[in-house]
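Given next, in structure tokens, is a single chain: the form predicted alone.
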């Protein structure tokens, strides 16, 4: 894994306030010192912090992302929503779509598909989350679920090179439990092959997300074909986040 370009994406979810901006200082310093390793750090804070984070990471190696957006192409009358145009203008380069926590609130594959089209039209990079429930995994439906989620989300989309696929088993998010490395390696290989042959993505990039921390990264990094990690709670702590990056390259 250390010979390839690795993404470390910090998904802060509904955490952080104005004082959280200081937590970036150590990460910025770390990224300035360790320039030789092939990695990209992307912070996805709540909407309320996007502007502050954008100013903070300007002229650094750290990039900015949003946790979601509305599917409407143009700014319109959608109270409480944020458009792709707004996200781009504030300086963000990435947007997470299809996260299981958003899907649980009613987001469908059709809506995700519309969001991806809007994001591509605005020149933004996409982090598409896919994953199965524990019940679906026990019934051996994992690959069927992943295939359906990806096929529907990317239906009719021709420009796919700026899409990262984040495999996040729903049963692993926030539980502290990660899949067995042997099983996860098989899952990632299945996804790579499916994206390459069926979705026609020439160089598919797959991340793993779900209870990634500074302890289990030692095992997770053994999966050579992974292209990075989507990190939740552990990314709130600059020390833990930096440790995850360090241990990936040791």
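Positions refer to the first chain, counted from 1. Note that the structure is predicted; figures quoted are calculated from it, not measured.
We do not show the form predicted in complex with ligand PEP, though everything after this point is about it.
- For the candidate spot formed by 173, 209 and 233, every residue has a non-hydrogen atom within 4.5 angstroms of ligand PEP in the predicted complex.
- This chain is displayed without ligand PEP, yet in the predicted complex the stretch 99 to 107 from 117 to 125, 85 to 93, 99 to 107, 142 to 150 comes within 4.5 Å of it by heavy atoms.
- Of the heavy atoms in residue 13, some are within 4.5 Å of ligand PEP in the predicted complex.
- Put simply, residue 132 is far from ligand PEP in the predicted complex: not one heavy atom of it is within 4.5 Å.
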